[in-house]
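Given as structure tokens, the chain that follows is alone and in the form predicted on its own.
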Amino acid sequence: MTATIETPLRSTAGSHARPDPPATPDRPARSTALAAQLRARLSPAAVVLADEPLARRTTLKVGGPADAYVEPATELDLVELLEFCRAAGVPLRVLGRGSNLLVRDGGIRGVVVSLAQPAFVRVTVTGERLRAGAGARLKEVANTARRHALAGLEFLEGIPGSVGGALRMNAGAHASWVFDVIEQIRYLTPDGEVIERPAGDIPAQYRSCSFFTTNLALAAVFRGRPDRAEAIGERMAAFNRRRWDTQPRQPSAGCIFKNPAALPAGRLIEELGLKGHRIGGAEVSSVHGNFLVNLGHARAADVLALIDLIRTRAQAERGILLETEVEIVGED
């Protein structure tokens, strides 16, 4: 899961001279220069990598490199990073845990930032509330709730993403949605202000929350309810068994298409006879038609070709226009 920050944030940490723009003659030189400028700007604990292959960072295991990949160590690092990108005119994209994402083979120009450092992944419990950083895995939120005998968050266990990505996509499973169980959200505005507000004030739709295209999630407070830890664990185990019985085990990005009104996308793809169809190293899963899997050597172009094939067949044979649920980013 990712989000593009369309309006970079302004730092509240003081003024700096405008940075020199990154080198532009070729991508390796541009990436090296950009990474060097970022290392000079951020704290020593921040991770900065040049020309980083994003296939390493996505669940589908495809995609070209980012010019610079950054893991800020603190909120101050994050604000400094966004200020730099604004001043230098460098595009910035926030990467969650890399699920629900297809990165094209040309990669992503500019900066890709991941909130994977300890400051952004902590999960703490106070009474019936869990506070989780935007980089925390949803699986960890669910397991922490179980350990503290708090029910209602079991469905998160099977969603392979982070809190921030789940907020951006209003992720869901088993007829439950993230915004159903969130009470409070902490985020960074385009003006560089950190705000906490009730989740109910933020509009969210099916598989989408456009609020987080321009605002950056930092943390969220989940609401649980008391129950026996054993009962919670049994429900989580049942969800997990159902997931592995109905979803492929090969690398994937999750469901590729949103469900149209007429019928589930997976059933439509099966009725079109496309389960098991391959292009290059990508395949329409024989387990679930709405999953495209990497057989071990796929390129993003292979996956995109399968997407085009499925959409064309669905439109031509059934009059159904399929809309992608997976986010497609980067250059060809």
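From a predicted model like this one, the values you see are computed outputs, not experimental measurements. The first residue of the shown sequence is 1; numbering continues from there.
A second form of this protein, the form predicted in complex with a small molecule, is not displayed here; the remarks below concern that form.
The stretch in contact with the small molecule in the predicted complex, judged by heavy atoms within 4.5 Å, is 269 to 277, chosen from 27 to 35, 296 to 304, 60 to 68, 269 to 277. In the predicted complex, at least one heavy atom of Phe257 sits within 4.5 Å of the small molecule. In the predicted complex, none of the heavy atoms of His148 sits within 4.5 Å of a heavy atom of the small molecule. By the criterion of a heavy atom within 4.5 Å, Ala50 is excluded from the residues contacting the small molecule in the predicted complex.
Among residues of the shown chain, Arg197 is not one whose heavy atoms approach the small molecule to within 4.5 Å in the predicted complex. Between the small molecule and the residues Gly172, Pro251, Gly152, Gly110, the one pair within 4.5 Å by heavy atoms in the predicted complex involves Gly172.
For the residues Gln117, Gln184, Gln247, Thr144, the 4.5 Å heavy atom test against the small molecule in the predicted complex is passed only by Gln247.
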